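Shown here is one chain on its own, the form predicted on its own, set out as structure tokens.
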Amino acid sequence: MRKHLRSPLIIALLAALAGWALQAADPLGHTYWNVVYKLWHDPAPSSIVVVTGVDANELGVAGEARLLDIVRQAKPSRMFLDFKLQGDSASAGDDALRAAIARLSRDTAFVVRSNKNDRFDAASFNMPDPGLIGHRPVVLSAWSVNFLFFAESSPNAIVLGGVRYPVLATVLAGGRGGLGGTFYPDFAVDPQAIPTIPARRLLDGHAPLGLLTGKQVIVAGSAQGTGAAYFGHQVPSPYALDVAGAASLERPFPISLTALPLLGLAGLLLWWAGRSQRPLRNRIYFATVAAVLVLPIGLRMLGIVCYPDSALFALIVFSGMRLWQERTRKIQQTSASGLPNMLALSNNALPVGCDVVVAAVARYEEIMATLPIELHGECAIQIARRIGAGSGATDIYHSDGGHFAWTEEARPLDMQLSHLEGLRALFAAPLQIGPNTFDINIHFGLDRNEGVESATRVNSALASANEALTNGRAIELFEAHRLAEAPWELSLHARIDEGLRNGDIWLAYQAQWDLATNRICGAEALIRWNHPTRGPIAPNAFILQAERAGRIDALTYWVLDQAAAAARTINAKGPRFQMSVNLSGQMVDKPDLVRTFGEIVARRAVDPGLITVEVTETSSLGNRTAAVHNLTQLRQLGFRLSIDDFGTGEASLAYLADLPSDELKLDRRFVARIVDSDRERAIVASTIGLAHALGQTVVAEGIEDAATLALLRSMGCDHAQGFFLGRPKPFAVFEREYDGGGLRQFGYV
């Protein structure tokens, strides 16, 4: 029901009804009829002739009397005296006027015009002196007007003081009145075409009297009445409205249908159009507009008044909403493919019991760069066609960044994942776009959080697809708990800055021991975060988010600055002390890396040789050439380089061959098992031998017990690090233990 109430047709009809009730659509009707009657001209009724210019100031009262005698002698069928009567004094001229009036036929009528529009009471009419007009009839002229004072209608008769007076137009029409007690002027009558004879010409004998014989003659004086305006023309003499009213009463059906029938017809046609296919729909729209514009004119020719105001108002509202919808639809169409885009899916209410799936195409921008622009749409359509064939979805949504989205029936998770793996297999066959052949690698993001807003679900699936693409996984599921974490992750930038300012983010130092001399020879600076409300945050969690948020650079430089100051303090105490800091693989190829590292150690007055840079997450290296160049430059400045987590990911023999380094750091996953696993022990022993053969120092991390430490010493490992030897601790505590001799309790000194 709510959907129907939001439809353009219902809104347009309701707006039109409100406009009709509040008369807000009247300007449309006024403009319509004013234009129509500027173009539509009919001849005036030939049975009516007007004698103009009857003015006592110009003709004199005696002249008016003589004029009445001349008109009477022409034997008109009826006379209407429409001028201000004098003859109230005892002059000879006044006597002549009263005598002339007395000689007029008994059916000569005197016209009295209302002095206020829309007023039909006794106060609005200045009735003539009965002693002057005798028992001759009085006819009235009064008009209802619109907001611009244009005449619209008049009653057939007006009751004043219990006496019913006909109006001039109905008498001119032979007593015929409009149906319903009201009539409407026929503004097609051209006021300039009404036959008129100047009074002066009759008095001078220059006008043949035969022009008046058998006619209804209105003897009109200077303009009197309210001056109601006339559609399509400048304000004419008041009698023009009466003539137009008489002409309308001669039409077959002088009646008003108001605005509602035409509004109903327009609504019915628009409803029909909405249920029709496009070619027929457009024809119905055209027919609706034509009906609203033309039908009122055709009906007016029959005397039927049908106002187009509300129907025009409805058409304008409806057209505006449809144009807006069309504009919105075009905005939600990709320029190349014509497929609806993500915004279209986000704006739709998702069906109950559905999953949102987004597919990300790897290297899509490169494919687009390879293709001529006219084939971009074809590429997207072919991909969408395969997705549709495999998923059964009829609507595939596309974004220019190479993402395709759709909804599917929610299945059990294992079935859904299996289904998506099968869909991925459809892209094993290459895509043929024109003369070009492309292998398509596709990754999926899946959102199953029903009950969340459509836009949120689409964005969740989109983020999951991008994560799957980045991490090289086929499918990534967006879990509901990540929605709760999103505000935290999205505000991480500000939170990290705040943590650095107030000390919530700090450095812990974990000792590294020289196994040959049994002394602390260095430490690794490890970042920690104690959030005031979330408590301790695992380093891997916030460092990963910092990398995603682009804040890892600032954190790394802060760590180096603090660690360099600590290294300077410890080295001032005596033996050489090596400080290790971590460098994310995402930073290794940055152009300003070497310069910034050099500036920090220079500012802290620390020998770069006392700083060991541990390169971590080597799988995330972007530009390997730039990374090798930067590491070489750091080494030339004096920094020592360490390959962290050796033996995992890309930290392998190939990496050891490519990158300059001084140290290998054995991953804890190998070290932890050397006591119980011959295989792991052999791997660690061979790695130590290889490193020594290449002139590298070996650091083993993750030492948890004395047996592991003793075994590593026997293998020739150089340095050791782990909870057994010392946990990470604030610098003040670390310095105090360093000054106290470190691990005397273990018997190594």
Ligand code: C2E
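Residue numbers run from 1 along the displayed sequence. In this text, all values refer to a predicted model and were calculated from it rather than measured experimentally. Take the two forms, find the largest set of C-alpha atoms that superpose within 1.5 Å, and that set is the rigid core.
Separately, the form predicted in complex with the ligand exists; it is not shown, and the next lines address it.
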**Asked** Is Ser124 close enough to the ligand in the model of the complex to count, meaning some heavy atom within 4.5 Å?
**Response** no
**Request:** Give a yes/no on whether Ile703 approaches the ligand to within 4.5 Å in the model of the complex, heavy atoms considered.
**Result:** yes
**Request:** Considering only heavy atoms, tell me if Gln510 and the ligand come within 4.5 Å of each other in the model of the complex.
**Result:** yes
**Message:** Using a 4.5 angstroms cut-off on non-hydrogen atoms, would Pro236 count as touching the ligand in the model of the complex?
**Reply:** no
**Fill in**
In contact with the ligand in the model of the complex (heavy atoms, 4.5 Å), from 678-686, 61-69, 34-42, 719-727, is stretch 719-727
**Request:** Scan Leu583, Ala199, Ala546, Val458 and let me know which has any heavy atom within 4.5 Å of the ligand in the model of the complex.
**Result:** Leu583
**Request:** Using heavy atoms only and a 4.5 Å cut-off, determine which of Leu371, Ile255, Cys354, Val559 is in contact with the ligand in the model of the complex.
**Result:** Val559
**Prompt:** Should the three residues Glu524, Asp644 and Arg668 be counted as contacting the ligand in the model of the complex, with contact defined as a heavy atom within 4.5 Å for each?
**Reply:** yes
**Prompt:** Hey, does Pro191 budge by 2 Å or more at the Cα between this form and the one not shown once the core is superposed?
**Reply:** no
**Rigid core superposed: Arg103 CA moves 2 Å or more between this form and the one not shown** = no
**Message:** Once the core is superposed between this form and the one not shown, does Ala720 show a C-alpha displacement of at least 2 Å?
**Reply:** yes
